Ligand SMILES: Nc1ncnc2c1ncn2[C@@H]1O[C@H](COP(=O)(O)OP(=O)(O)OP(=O)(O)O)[C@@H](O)[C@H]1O
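Here we start with a single chain on its own, the form predicted alone, put down as structure tokens.
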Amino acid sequence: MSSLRFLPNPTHFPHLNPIPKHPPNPNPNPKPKHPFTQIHSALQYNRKPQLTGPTPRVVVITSGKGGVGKTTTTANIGLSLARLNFSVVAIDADVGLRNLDLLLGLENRVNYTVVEVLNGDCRLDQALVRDKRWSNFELLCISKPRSKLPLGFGGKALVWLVDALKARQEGCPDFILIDCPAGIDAGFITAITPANEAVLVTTPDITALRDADRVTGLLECDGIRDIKMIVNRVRTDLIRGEDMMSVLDVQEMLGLALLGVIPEDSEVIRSTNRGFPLVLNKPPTLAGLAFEQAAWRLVEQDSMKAVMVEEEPKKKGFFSFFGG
């Protein structure tokens, strides 16, 4: 509102204020039609993020350690990209313990998987499950729970699957998100094979950071250089009390560009049980807004800077009143 004082007054410039042809309004003080009509030009235009890089952007979401929020990140970032009008295909590469369909509320619609596609039992478009809220978001599962993969399934099969998504008649998707399984075994190697960029999800505890550092080295050895990290379950109260590492400490330990910081939010459990991702909540939660901002930075291949959290002053004892 402070910028309005610099707007010129039309009465100071007679050549910009021509004489009206119709007679003047008998009401000398007419009320505006809308209370915001006078400041409409001062409002910022809500632009759409500009997609950078060649499409499709094949992004693997990994961590190494289980339980840090890879699947939650995949679901929320995928739906955030779909809400920005980008076409997204999310691949659940966790064979034995898949959960992405549960978080999206699509567990009853998965009839075919990639295994049936490779065996010739169905077409690829039959295995793609379209989201019931956003039609430009699709889910693809590798296999059904408690089922065995063929011995020949590996990184080459997943590369063939990505190439088939590029060449399908409906058009090439803008983003292919691969939800990587926990660990660094064969499932991890298979998931990262077709990717050209990675999102590393970690929490600010020493066990998750040790696994994340190990995974970063494996990704770089595989030729994936575009690696950004998301720090999940951050509590500023614990950081101020020096009971949790800050985001600056995490960034210093891993040396990665920061894609987003997700605060601890109890709404995550409710949204998981309902199959309703955080980014769809109304009103939005802090964690949901953080996921939307992370998706925005992913589109434009941008990063954020961590902010230092001031420490709480140490509590003084009773004898401090006496100079103790």
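So that there is no doubt, residue numbering starts at 1 and follows the sequence shown. Please read these numbers as outputs of a predicted model, since none were measured by experiment.
Beyond the structure shown, there is the form predicted together with this ligand, which is absent from this document and is the topic of what follows.
Against this ligand in the predicted bound form, the set 66, 263 and 269 is in full contact: each member has a heavy atom within 4.5 Å. Residue-level contacts in the predicted bound form: of 113, 190, 216, 232, one residue has a heavy atom within 4.5 Å of this ligand, and it is 232. A heavy atom within 4.5 Å of this ligand in the predicted bound form is found for one listed residue only; from 143, 87, 72, 246, this is 72.
Though the partner is left out of this view, residue 138 does not reach within 4.5 Å of this ligand in the predicted bound form, counting heavy atoms only. Under a 4.5 angstroms non-hydrogen atom cutoff, this ligand in the predicted bound form has residue 94 among its neighbouring residues. Not displayed here, this ligand is approached by residue 182 to within 4.5 Å at the level of heavy atoms in the predicted bound form.
Partner contacts here mean any heavy atom within 4.5 Å of this ligand in the predicted bound form, and among 251 to 259, 292 to 300, 269 to 277, 52 to 60 they occur only in 269 to 277.
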